[in-house]
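Okay, so here's just one chain, in structure tokens, the form predicted alone.
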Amino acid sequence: MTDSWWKKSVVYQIYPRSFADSDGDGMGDLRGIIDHLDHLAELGADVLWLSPVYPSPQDDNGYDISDYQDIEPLFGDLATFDELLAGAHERGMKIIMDLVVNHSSDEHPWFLESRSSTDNPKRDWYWWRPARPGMQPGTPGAEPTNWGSVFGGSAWQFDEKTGEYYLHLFSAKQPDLNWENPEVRQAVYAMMRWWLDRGVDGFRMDVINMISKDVSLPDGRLNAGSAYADGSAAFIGGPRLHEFLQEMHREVFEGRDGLLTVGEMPGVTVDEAILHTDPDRREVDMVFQFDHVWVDRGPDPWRLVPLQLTQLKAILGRWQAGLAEAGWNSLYWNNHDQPRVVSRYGDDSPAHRAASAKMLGTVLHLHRGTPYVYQGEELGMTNYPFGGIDEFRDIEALGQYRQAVELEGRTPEEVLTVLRARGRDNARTPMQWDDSPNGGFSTGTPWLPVNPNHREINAHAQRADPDSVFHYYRRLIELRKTEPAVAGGDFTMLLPDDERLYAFTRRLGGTELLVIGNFSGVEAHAAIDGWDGAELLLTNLDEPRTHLTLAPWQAVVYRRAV
């Protein structure tokens, strides 16, 4: 594989509605991002990924797009976007947009036309189907398939005007686009070229491995106790996915240099990812996989499963090995869909929060791949102390709560226990800039409350503290750019059966790095020979008292010549 620029880069994800509010309406905006570009530049971010900033009814916080070629007025306008783009480029940072084209909003003009009549020219731009034969349209069980929506309930919405159902794998306000129709694909490609011509540097592609469906739309298998079936076998990695992605590359990216394309692909396997990211196949540069953030989920979604470190190592090790020769890994703990990692895989108590945040960052950034930092991760931000369901705003949490309690007979507390730990709103509480009311996020009432711990955990305090999580992340990012083995070295997993220590080596030419992270609250010794006298390159705590004996939540990176 050629030496692509993004191998040495770090991507920073911005969730615009929660990043910084410049006008006091309680909602983050583009001007707020502009005001904090220096924070991102000081951190060392190379690429800024913006979650959707397009016009949207905001049913799913902007992932329901009603106009692909404009800016949501809550966030600003195209002139402000151009100013943001120029400001990022002046500081040596690129910007990639969130591309959401598995579905649109039901308020998009395309869908308004599509639902207007059965013979409208855009009818086939979405997935419309009649009721099951012999069933009364609009009645329970008459849906074209038994699929459940990701957000709870049926994946089909009955439309009284035309007497048919449309498919929505997510919210009923997010109808799925029909990629079988070449007109749909060409409209999407034209939109993507429009943004690239404007100066953006690529795309993160939302659930892009769902765009190809098995056109027979077969029923899925029902699990015991579930109201609806899992239909993913018919739409995850569908029959024409590779064809569509290769066509997109030809139509949009061919001949343009310096871009980054990232495909979010729930359920993708290592073998599929090798194909998607092999540069000779011209599909995407890297994929987001979910195996490592599903490791603490058991067969019952409403039971919390503690992290088993050996399983996490097995998963990440499998991906490192699978993409060692062709393709490339994306590395992340956090994003807008995941809870805060320091509360999930670390220890968010005051005694260990900073150390465990630094340790988790060390282990992630030293893997082979491109690391992603989600806003607030560089501060060690934690989950929010949610009370009742009335404190949640996320459509997924609210829909799943309703289905679990009302249709499946779960107790409210049983469901809330999981939502508090795993709910997406944990990642969406406002960025903690300082210790003032609302954490410096807004002078108004924030759309989602600021975590009360912003008085102790905030950017202003951490930028002034050389021992903070922020400055540690700066050192991690700098190490990627100064030590070639971080981006280019081979990966070898060590101690695969150890339930406390995560250890591996990275080797390039005559340089070898040893990385160890202690995922526990007790001291642990790494039985690894041959590293006596090696240079201690980085640690989040004091130098180990005895060789390779790590304090609770300690991380170390050693370097030696080989």
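Being a predicted model, the structure only gives us computed values, none of them experimental. So that there is no doubt, residue numbering starts at 1 and follows the sequence shown.
Here the subject shifts to the form predicted in complex with 1-deoxynojirimycin, a form of this protein not shown in this document.
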Run the clash test for me: 1-deoxynojirimycin superposed onto this form using the site C-alphas, pose taken in the predicted bound form, blocked if at least 3 ligand atoms lie within 2.4 angstroms of backbone or C-beta, else open. open
Here the chain is shown alone; which of 296, 348, 206, 176 has a heavy atom within 4.5 Å of 1-deoxynojirimycin in the predicted bound form? 206
Which of 397, 284, 100, 331 has a heavy atom within 4.5 Å of 1-deoxynojirimycin in the predicted bound form? 100
1-deoxynojirimycin in the predicted bound form: contacting segment from 299-307, 334-342, 459-467, 403-411, heavy atom within 4.5 Å: 334-342
Can you tell me whether residue 63 touches 1-deoxynojirimycin? I mean in the predicted bound form, with a 4.5 angstroms heavy atom cut-off. yes
Residue 378 within 4.5 Å of 1-deoxynojirimycin in the predicted bound form, heavy atoms: no
Consider residue 264 of the chain shown here, and say whether it contacts 1-deoxynojirimycin in the predicted bound form, taking contact as heavy atoms within 4.5 Å. yes
Does the 4.5 Å heavy atom contact test between residue 471 and 1-deoxynojirimycin in the predicted bound form come out positive? no
Going by heavy atoms, what in 147-182 lies within 4.5 angstroms of 1-deoxynojirimycin in the predicted bound form? 151, 170, 174
